[in-house]
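Coming up is one lone chain in structure tokens, specifically the form predicted alone.
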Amino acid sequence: MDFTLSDEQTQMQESVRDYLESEGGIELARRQMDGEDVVGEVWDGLAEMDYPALSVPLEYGGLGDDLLYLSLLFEEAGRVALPGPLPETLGFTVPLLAELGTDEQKGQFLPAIADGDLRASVALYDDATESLPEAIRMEAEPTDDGYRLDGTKTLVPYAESVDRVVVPARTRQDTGYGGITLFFVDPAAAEAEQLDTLDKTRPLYELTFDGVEVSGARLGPVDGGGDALERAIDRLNVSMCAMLVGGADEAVDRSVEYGKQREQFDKPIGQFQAVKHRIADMWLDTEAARSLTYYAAWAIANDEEDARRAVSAATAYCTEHCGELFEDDIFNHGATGYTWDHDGHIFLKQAKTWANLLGSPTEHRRRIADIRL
């Protein structure tokens, strides 16, 4: 196992960073926070550089790269808190389609994603207060032409900016990952309502399916989509961890630069232990988060036995420590850090939102224990 980046990977990261900075960098997130929908603009730009094709299999017009390679893209996206369903489409949906889709579904959707013509999201939760998989309660009834979906999904990212949503539903009574069937549906079939949430860069929606009949939308076997869904959620967790790592790296750089420039008592504040040691701890946390994330991505890509445990270890660490790290960045900037003009608030809110969406550190530690014991 060698985590040293190849020349090709380094060049890819640099080209993504240059492109995102040229498009405004963190200002894209601020425009989204101000109510402007920048997702289409971001996606068109990424498509021109073939980034949506990264994880799509070669036979469907993609580049066939694995989750480790994809994590490098997510890291750069996270550095500017990039709006858009990048983890949901490339980290979650593409591998799920490749695993469970029929030949017709793969032929229809995967090339469209590779070309940047299709964006996707995921509607996991029926109850925002429950953990997965117990939070999946929607029932799907078979009809003559397909299935009828009844129920309300909540915390759906970018529901009004995507073309398809993966919807898990119960076709057999169960509380675990058993009895779940997956559907790949047009969100326009449901009634969408945007939720008032902490992180304005990534809008979340409530989708109400009132007896919506879907045909040809089933993804994978009846009652048997749970295992693939759990693996897809693991990939989504790693994707978002990579974005947190990118944001954390940016926060360290920002604190270092401010520590060199801001002076107190005729000295740069970075020379004082209170600031210097805090930045050193931030850097250590960033490197630990990066190592755990890269290993989890590598373990999934290579189908390692400890992949699930590695994902939970990365998620527990990243959601807990990156949130604290963004708070430290705000502290390091003193009074300036407490104004809305400081970018640290964007990253902090994103980290707190993802800590709820991905599962709390306690839940992931419990999962690690369950796997080990």
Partner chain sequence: MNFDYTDEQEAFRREIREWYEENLPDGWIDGERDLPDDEDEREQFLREWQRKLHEGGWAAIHWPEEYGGRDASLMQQLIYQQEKARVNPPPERSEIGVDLVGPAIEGFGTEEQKERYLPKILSGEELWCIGYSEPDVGSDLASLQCKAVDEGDHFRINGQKIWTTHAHKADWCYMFTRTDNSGPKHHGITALIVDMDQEGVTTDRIRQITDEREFNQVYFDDATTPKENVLNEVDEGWEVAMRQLSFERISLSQSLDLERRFDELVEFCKNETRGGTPLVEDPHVREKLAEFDTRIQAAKLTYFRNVSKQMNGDLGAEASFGKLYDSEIAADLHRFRVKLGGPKAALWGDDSPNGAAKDSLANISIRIGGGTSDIQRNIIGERVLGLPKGDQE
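Numbering follows the first chain given and starts at 1. Everything numeric here is computed off the predicted structure, so don't read it as measured data.
Only in words, not in the display: the form predicted together with the partner chain, which the text now covers.
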| property | result |
| --- | --- |
| Interface residue in the model of the complex among G220, P157, G259, P95, criterion: non-hydrogen atom within 4.5 angstroms of the partner chain | G259 |
| Among the candidates L236, L204, L292, A301, the residue which, in the model of the complex, approaches the partner chain to within 4.5 Å (heavy atoms) | L292 |
| Candidate stretches 189-197, 171-179, 282-290, 107-115 - the one whose heavy atoms come within 4.5 Å of the partner chain in the model of the complex | 282-290 |
| 4.5 Å heavy atom contact, R137 to the partner chain in the model of the complex | no |
| The partner chain contact at Q271 in the model of the complex, heavy atom, 4.5 Å | yes |
| The partner chain contact at V42 in the model of the complex, heavy atom, 4.5 Å | no |
| 4.5 Å heavy atom contact, H333 to the partner chain in the model of the complex | no |
| Neighbours of the partner chain in the model of the complex among 354-373 [non-hydrogen atom within 4.5 angstroms] | T362, R365, I368, A369, D370, R372, L373 |
